[in-house]
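Consider the single chain below, provided in structure tokens and representing the form predicted on its own.
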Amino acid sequence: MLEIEKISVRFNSFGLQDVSLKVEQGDYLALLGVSGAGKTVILEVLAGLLKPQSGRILLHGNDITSLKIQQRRIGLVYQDLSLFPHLNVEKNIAYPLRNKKFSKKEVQSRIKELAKQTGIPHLLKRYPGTLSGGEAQRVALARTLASDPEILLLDEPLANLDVKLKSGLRGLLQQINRSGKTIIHVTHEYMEVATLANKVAVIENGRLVQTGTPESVFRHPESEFVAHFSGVKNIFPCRIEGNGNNNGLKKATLGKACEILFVGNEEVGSGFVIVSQEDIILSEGPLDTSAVNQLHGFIREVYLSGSAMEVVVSAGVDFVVAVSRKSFEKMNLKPEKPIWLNFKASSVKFIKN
């Protein structure tokens, strides 16, 4: 449906570099990266606000790279929303409809429909300056949807909202997407990707570094940068020395002397190993298990993380382990307690420098 082919946009000290993406009808794509990575620039190129120096944009096979913003059925909602402060909510939503010469009856019908969809019928006579952040975001969505875009571009739509407002707006975005609207959503929050998107593209310094489903990207990060976004907390510099053991496993040395085994082909070199905190099992003694990595250490600290607990275990390096509240209480886990870490070689991901 939408294809971005080797788009480059150059500024004095920054630019997008050969960005290519494919977005299908009904996709919810998250553009994930730190501030300044180039996420918003991609939205502005798609919307027609910025012209790329090279590459092209295809919509349904048609080249729209040079089309003006008014000629594209692509709607952009900026983080600052840009509502007209002198117009009430009803007139803000009506603005794009009146520009398209809809009749008065059609305008009123569409406003009523959009207000119901976005949950703002009670706000129609209010002015932007009197709205909360969540209310203003819903109004901005309604105004953009009024022009019936094929693709909805969102620039950090959940930023600066409290937990309750974020939850409500997430539900609205899911509803809009389920109705068939294609959404491209800029964010730097892992949880927004995990709860909303069916595809993710990670951007670092103007380049796409990994794309795929959230599960494939976050379970199999291809770089340390992507791994940090996945929420994995066990990311360790390491060195590979020798051939490992006789079972075809390789040995990585973390810190001064912490050694773990993993599945791989590396003979020698350096990089990073990643172990998900959910893949580690705690025990009070060595286990008779297929988990070849069994490390003895002690609990450094414990803390609540969402509905579960996270335990920091020092075993040459500090590992973070996710534990259910029930297991936490049953094992009486507390600082200074001796403990064993157990995880499979297949749970260890190695990334070359």
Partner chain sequence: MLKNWRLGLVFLFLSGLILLFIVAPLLGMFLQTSGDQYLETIADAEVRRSIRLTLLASLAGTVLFGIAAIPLSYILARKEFFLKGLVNGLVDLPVVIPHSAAGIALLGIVSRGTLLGKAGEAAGIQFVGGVGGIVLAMSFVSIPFLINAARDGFAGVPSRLEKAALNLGASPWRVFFTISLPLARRSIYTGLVMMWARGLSEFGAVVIIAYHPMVAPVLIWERFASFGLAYARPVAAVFVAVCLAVFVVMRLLSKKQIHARN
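Predicted model, so just to flag it, every value in this text is computed and none were measured. Residue numbers count along the first chain shown, from 1.
From this point on, the text means the form predicted in complex with its partner chain, which you will not see here.
Using a 4.5 angstroms limit between non-hydrogen atoms, residue 75 touches its partner chain in the predicted complex. Interface membership of residue 195, defined by any non-hydrogen atom within 4.5 Å of its partner chain in the predicted complex, is ruled out. Although the partner is absent here, residue 304 sits far enough away that none of its heavy atoms falls within 4.5 Å of its partner chain in the predicted complex.
Its partner chain in the predicted complex is not approached by residue 267, whose heavy atoms all lie more than 4.5 angstroms from it. With its partner chain left out of view, the stretch that reaches within 4.5 Å of it through heavy atoms in the predicted complex is, among 213-221, 83-91, 164-172, 229-237, 83-91.
Remark: none of the three candidate residues (258, 276 and 317) comes within 4.5 Å of its partner chain in the predicted complex, counting heavy atoms only. Note on contacts: among 122, 105, 98, 116, the single residue with a heavy atom within 4.5 Å of its partner chain in the predicted complex is 98. Between the options 147, 205, 177, 283, the residue in contact with its partner chain in the predicted complex by a heavy atom within 4.5 angstroms is 147. Contacts to its partner chain in the predicted complex (heavy atom within 4.5 Å) from stretch 42-57: 44, 47, 49.
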